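Only one chain is shown below, in structure tokens, and it's the form predicted alone.
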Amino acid sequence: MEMSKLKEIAQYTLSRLKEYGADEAQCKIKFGLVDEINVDAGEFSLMRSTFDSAVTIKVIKDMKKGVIAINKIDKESIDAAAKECVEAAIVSTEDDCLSIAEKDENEDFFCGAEKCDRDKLFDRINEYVEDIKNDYPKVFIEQLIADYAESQSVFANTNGVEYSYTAAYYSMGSMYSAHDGDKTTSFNSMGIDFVSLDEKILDKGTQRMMYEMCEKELEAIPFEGKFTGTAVFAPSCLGDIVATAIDNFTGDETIIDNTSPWRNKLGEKVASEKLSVSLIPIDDRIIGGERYTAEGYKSKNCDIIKNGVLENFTLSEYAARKSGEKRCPTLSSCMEVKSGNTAYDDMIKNIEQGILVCRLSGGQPASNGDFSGVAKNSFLIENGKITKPVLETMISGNLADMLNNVIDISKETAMDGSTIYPWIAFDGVTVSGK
């Protein structure tokens, strides 16, 4: 669909909202195309092209909010949604922290691949499946989904804000396990975004390392005993740990209700000076990163923790008004943890007793950061070497304490198109088995 048509639809939507009585309003119009290839149980199972459209509307009337989303972009559907949204605002609760974005310089954004090469994508996926069979014969691809997605969106509000964004790129995600006779491993998964088909997909990121380790997991044994020591989190798991900590300690909910242990620590040290965490939607290494927030502000890269010091909360404009703090310049999940100076192999050599955690299965941590979970796809570290894969192994600790107990950070990183993470060794983690 032409971007000019989406802009017309956005302006039409705003005009109808004003006619129905909105004091202020915003809308996002989105249209997308996806070319998809599925592989199930190692065999091609589906090829298809799909289209989708969506309209998201927010209105403010008498400092009361209405929000609605629909999946049609015809005028009749928009008229009905606009009327319903204003009516929802009328009966909602008054809140003097409601707002829409002020006008900045309007802009059209583009990111990604110019067009989809369907034949080459199919060939690369076929090559990928064959490479797994040949290079990692014990690995079984339970499901693989590869696609090329092109999305066009327009954001507009009654303050005159108007942004458009075309994002087009390839993605691939797989769920896999290893099998050898009666032996089998727990499943694991990985995903990657990319714009070029010039190289093998299997050579992107740390996939080969993960498949190699998956085969070794076939020899996993239950862990017996208990110790408190070093846990090395692989990039595949580190992202969940760090993102959860950041959300738990700097996000809207815990800052508004004052339950975050970092609530009054802006500008203060909250983590090891070795640790720096940033949100980087506007970065050449990121594929399809946020260009404007859901509230209509132009996105910017942002340091959350810099050399251990808390630089920013990750607050929306609404939460900033509610808490009296400043808005975060991005609401993106595109995160980078800055690499260190130690080679990964040397990091492992320096650990006498520990565990390499590649996946953690557990619930949401407490507001103070206490957590526990089952270490999946994980290995013991003994006398500077990665040794036995382990089963039935629990790890527990406190996220705030862990961030202060960074022993080392690898200079190697894993990039999947949306995040950049190293390996990090944390001290003070409790590991327990039978």
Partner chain sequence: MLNDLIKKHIDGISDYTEVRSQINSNNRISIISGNLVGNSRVTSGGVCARVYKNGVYGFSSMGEYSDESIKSVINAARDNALFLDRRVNKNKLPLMETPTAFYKDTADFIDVPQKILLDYAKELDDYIVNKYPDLSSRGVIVSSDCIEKLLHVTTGSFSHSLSPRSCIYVSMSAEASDGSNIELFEAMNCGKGFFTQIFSTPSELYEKIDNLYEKLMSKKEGVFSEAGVCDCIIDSSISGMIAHEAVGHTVEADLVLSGSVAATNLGNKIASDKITIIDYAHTAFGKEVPLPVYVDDEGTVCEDAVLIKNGILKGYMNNKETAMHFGVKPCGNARAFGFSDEPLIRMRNTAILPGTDKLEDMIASIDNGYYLTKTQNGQADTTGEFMFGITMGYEIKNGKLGRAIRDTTISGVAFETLKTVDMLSDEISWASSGYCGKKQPMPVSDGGPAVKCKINIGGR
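Everything quoted here is computed from the prediction, not taken from an experiment. Numbering follows the first chain given and starts at 1.
Form predicted together with the partner chain: not shown, discussed below.
Just one of 243, 111, 88, 195 comes within 4.5 Å of the partner chain in the predicted bound form, counting any heavy atom, and that one is 88. Note on the partner interface in the predicted bound form: the residue among 316, 301, 92, 99 having a heavy atom within 4.5 angstroms of the partner chain is 92. Here the chain stands by itself, but in the predicted bound form one stretch of 231-239, 68-76, 166-174, 303-311, 68-76, has heavy atoms within 4.5 Å of the partner chain. In the predicted bound form, the partner chain sits within 4.5 Å of a heavy atom of residue 359. At least one heavy atom of residue 50 is located within 4.5 Å of the partner chain in the predicted bound form.
In the predicted bound form, the partner chain lies farther than 4.5 Å from every heavy atom of residue 128. Although the partner is absent from this view, residue 382 stays clear of the partner chain in the predicted bound form, with no non-hydrogen atom inside 4.5 angstroms. Highlighted residues 106, 262 and 345: none comes within 4.5 Å of the partner chain in the predicted bound form, counting any heavy atom.
Using a 4.5 Å cut-off on any heavy atom, the residues of 387-409 that reach the partner chain in the predicted bound form are, in sequence order, 391, 392, 393, 394, 396, 397, 398.
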